[in-house]
Structures are given as structure tokens and as C-alpha cells.
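We begin with a single chain expressed as C-alpha cells, specifically the form predicted on its own.
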């Protein structure tokens, strides 16, 4: 019996690999992790395509009630579906380790994730530095970590991928515009000229989907641009090579 960690890719139900689809079809229980990312379709469409009942797995289920996933996998095939790649979030590594500790057979079926799909914008993947997240600011919680990461990467000539906050339970999905506003607020406090109106940035929305948007421009040019529905990400380029500059020109139009 096996616990399958299956990446769904970034688009719709058809992004599943043949290997992943085979594993879903033979699984008695199918869980869909529903809090670190989202597909562009509802779970009902997945159920129809897979011909399987899908159990939504929120953060509480995966992190605090993981036994509901792990115990059945001791004597039956169980599928744990993740948008993107199974190891795009550390919470999935924790589930993997707990399964291993219990002696459960585990199989990983990978797929595309935001970490490699951003290659489409034309920046070389090996020139990305540390990835950072931009969380929503709340009372007594105004982290400046993304600013520090961007500053460090830029000093080394490296690009920065900024993952924007998702609060699926509240249906809040940070936009590129909101992410830029937070970075500008940090700049107002720090005044280190890391984030300026003429800084070149790349906003991406729904990458991997038919209606994806990739837009390149300065912060001043993009801070009011409408990128449409979720999910969004933000890229701060580092030192550009000629080919990278030529690629970005495509998305400035």
C-alpha cells in the first residue's frame, strides 16, 4: 500500500502526469491540499475528470490531524494532491517524514511549480537567489524580511522571486499591486533605496494557465496595472545579461 504525493501542475485538471493520473485512479482516498496554492478550477471539476471523490485538506488537517491521511495509507493506496510540485511547501516535507517514520510506503510524482515555471519570463533560473514571501501586514506583524532578501540578492546580481501571501480560508490572495505597496512601505521606513519607483520588476499572474499574464515595467508603471484574478507572483530582476534583456522586452509591450 502506498501514500502518493502527486503534483498537479499549475493550470487545470489536464496538467496531471500520466503517472499521477494512474496513481489517483487506483487510490481509495484522494486528498487535495487546499491552502498553499490553488488551481484555476474547482475541486468538482477535478472529481469529474478523475472520477474520484476528493477530500479537501486544509492546514489544520495536514499539520494537526495528519493521522487521517497517514493511518489509511497503512493498508490502502492514498493520494495526496498538491498544486504545483509536492515539495513546494515545507509542510508537505513534514507529512512525508511522518509517513516514513510510520513505515508507510511513499511515492513522489513531481510536476511543474512556480519555482521553475517563472523561467518563461526569460530570466535564467540558475541566477535566482533566495526566494522570499511577502505576507499581509497585520497588527504587530509588519515583517521586513522580503526587503532584506531583495537587497541581498541584488547586491549579488541575482534575481528574486517573491511569493505573495495566500489566505485561502478567507479568500484573500495578494496581488502584485499589494506586494509592491508593502515593499514601498518598508522602503519608506528603511530609506535604503532598494525599492524605488524606477526599479524594474516583473509581475506574473496565473502562470501556467491559459489566461496567464506576464508584465514587465518599473514599479511606477505596474503599481496600478490590473493583473486580474489569483494567483500572483512578483520578480525583482538582478543583473541582466543581453539575452535576458531581450526576453524582458517582449513582456514590456
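The structure presented is a predicted model; accordingly, all values stated were derived computationally and were not measured. Positions refer to the first chain, counted from 1.
This next part talks about the form predicted in complex with another copy of the chain, which is not shown.
- Look at 91 to 99, 71 to 79, 178 to 186, 164 to 172: in the model of the complex, residues with non-hydrogen atoms within 4.5 angstroms of another copy of the chain sit in 91 to 99.
- Using a 4.5 angstroms threshold between heavy atoms, residue 225 stays clear of another copy of the chain in the model of the complex.
- When another copy of the chain is considered in the model of the complex, residue 250 lines it closely, a heavy atom lying within 4.5 Å.
- The shortest heavy atom separation between residue 110 and another copy of the chain in the model of the complex is within 4.5 Å.
- Although the partner is absent here, residue 142 sits far enough away that none of its heavy atoms falls within 4.5 Å of another copy of the chain in the model of the complex.
- Here the marked residues 116, 122 and 131 all reach another copy of the chain in the model of the complex, each with a heavy atom within 4.5 angstroms.
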